[in-house]
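Single chain ahead, written as structure tokens, the form predicted alone.
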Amino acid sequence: MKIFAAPLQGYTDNTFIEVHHGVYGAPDAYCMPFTRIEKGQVRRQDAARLHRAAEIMSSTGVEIIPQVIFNSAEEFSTLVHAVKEAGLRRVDLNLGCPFPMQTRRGRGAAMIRALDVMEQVAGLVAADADMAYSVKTRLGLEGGDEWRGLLPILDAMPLEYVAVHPRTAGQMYDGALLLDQFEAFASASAHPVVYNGDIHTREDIAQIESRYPQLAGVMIGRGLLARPSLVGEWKSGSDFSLEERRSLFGRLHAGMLAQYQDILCGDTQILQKIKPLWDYADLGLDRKALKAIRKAVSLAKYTIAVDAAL
């Protein structure tokens, strides 16, 4: 099975992708956090991220898939145009973001119910021979079987794969996985299906592969933040020692911090970008050490806290 890194807003930016690839080796592809419309146009920082992603792909050979989030065919077209302008030729459609800030605006998982808009988008995708498309979705906004109305539209689109998180948007990232509905989706889909959700260990990947041998792959999100070595461990067939995982994480952190120091100004901006790397990190660290990292208000104090922790 292929291994994809999931898009996670605020975490898996271009810096994470580039440094993670250099330290651990790459999954089959990284999916970028979504690009969106703001005040009628593509956000400037998102457009810049797309161009930077194209540069990273060109220099490293790593596969990066941009993602777009939209609530109309017009927004979709504008976003895809920005992806093309950046020189990228793959794009993922975000139909799964569960956060109310997006769903209340008709974006993300709300698109599962917006079948009229999705019919228009499907027509645009089918007519676009210049791009490769994929979809990341949930089973529904509130109901676990809402995907059934969307599936015929997805089936009519030329998609490389459909990644499915087997929860509703209302569940966010908690609650039972709706595996019966996921299995029904995977069996009915005309496209290859990728499993996404609650993958934290090599054993989790192996269980998915064993239970669903027909799948095209798995997509790992928060599990990769907790254990950035997970893809490397899967490929090697063995778990890394805690000492090795801490050492590699130290290299990941140092590389990301160096990049942020090059492109950002002031301690506050740099710390706002680097601190999220610790949110999910599963390194068996002392709680007091982690607290010191999170409370640090200057780079000097932060660096001392990190050195003490690792």
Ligand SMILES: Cc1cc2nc3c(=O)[nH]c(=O)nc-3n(C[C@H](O)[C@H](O)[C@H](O)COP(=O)(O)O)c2cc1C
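Position 1 is the first residue in the sequence shown; the rest follow in order. Being a predicted model, the structure only gives us computed values, none of them experimental.
From this point on, the text means the form predicted in complex with the ligand, which you will not see here.
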Considering the ligand in the model of the complex, which of Gly217, Gly144, Gly221, Gly232 comes within 4.5 Å of it through any heavy atom? Gly221
Go through Glu160, Asp198, Asp180, Glu74 and name the one with a heavy atom inside 4.5 Å of the ligand in the model of the complex. Asp198
Choose one stretch from 245-253, 31-39, 266-274, 53-61: the one whose residues place a heavy atom within 4.5 angstroms of the ligand in the model of the complex. 31-39
Any non-hydrogen atom of Tyr280 within 4.5 angstroms of the ligand in the model of the complex: yes
Taking the ligand as it sits in the model of the complex, is Arg107 near enough to touch it, meaning that at least one heavy atom pair lies within 4.5 angstroms? no
Is there a heavy atom of Thr168 no more than 4.5 Å from a heavy atom of the ligand in the model of the complex? no
So in the model of the complex, does Lys136 come within 4.5 Å of the ligand, heavy atom to heavy atom? yes
Of 1-24, which residues get within 4.5 Å of the ligand in the model of the complex if you count heavy atoms? Ala6, Pro7, Leu8, Gln9, Tyr11
